[in-house]
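Below you will find one chain, with nothing else, as structure tokens; this is the form predicted alone, and questions on how it binds or moves follow later.
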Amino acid sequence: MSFETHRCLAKHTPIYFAGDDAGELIKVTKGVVSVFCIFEDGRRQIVDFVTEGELLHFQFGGELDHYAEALTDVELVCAPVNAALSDTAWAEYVFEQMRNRLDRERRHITLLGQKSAAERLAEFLIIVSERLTTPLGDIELPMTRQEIADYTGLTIETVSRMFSRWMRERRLVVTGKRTYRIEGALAA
């Protein structure tokens, strides 16, 4: 569409910052993006991982209240909010994306609020496997253990300890540099 612009960014490149203008909608067409907030004391909470075909945010004006950073090399399609919402195909896409994001956020809130460390990490791997599975069925994790900790509300030490335990018990098997396969019940 004539109002869309395309951007390609290398991994670990900021896409936008809290306080930037929310005048455009941004769709990920390739790669994975981390969406997060930073607290006054410097702690970070990752609120979502956005993958191919998904929108980064749903703010239609004003200032963005969060940050976005490329976890992998990414390709983006950007559209001014007014033009996108005036286009029937874009408007339907935005509505569908909102429904999907609400479902993901509900799962994330439950993960943070009611689950043990093992259950949080197991749920995280299930969520990621639904969204980032390779054709062989392996889970491709473009995020670091610190980023996993920032998403699950755990410490990096807890994430590392659980990964090590599950790998030692062969419940989680390393199949590549950043790929894993779930071979047994993780939260048990």
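All values reported here derive from a predicted model rather than from experimental measurement. Note that residue numbering begins at 1 and tracks the sequence as displayed.
Not on display, but discussed next: the form predicted in complex with the DNA.
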Partner contact for T158 in the predicted complex: the DNA, 4.5 angstroms, heavy atom = yes
request  = Indicate whether the DNA has at least one heavy atom within 4.5 Å of a heavy atom of T144 in the predicted complex.
outcome  = yes
query = Can S116 be called a contact residue for the DNA in the predicted complex at 4.5 Å between heavy atoms?
reply = yes
message = Residue-level question: is G31 within 4.5 Å of the DNA in the predicted complex, judged on heavy atoms?
response = no
Among the candidates L154, V35, I126, L132, the residue which, in the predicted complex, approaches the DNA to within 4.5 Å (heavy atoms) = L154
inquiry  = Looking at heavy atoms inside 4.5 Å, which stretch does the DNA contact in the predicted complex, given the options 23-31, 145-153, 57-65, 44-52?
reply    = 145-153
query = Out of 160-181, which residues reach within 4.5 Å of the DNA in the predicted complex, heavy atoms considered?
reply = S160, R161, S164, K177, R178
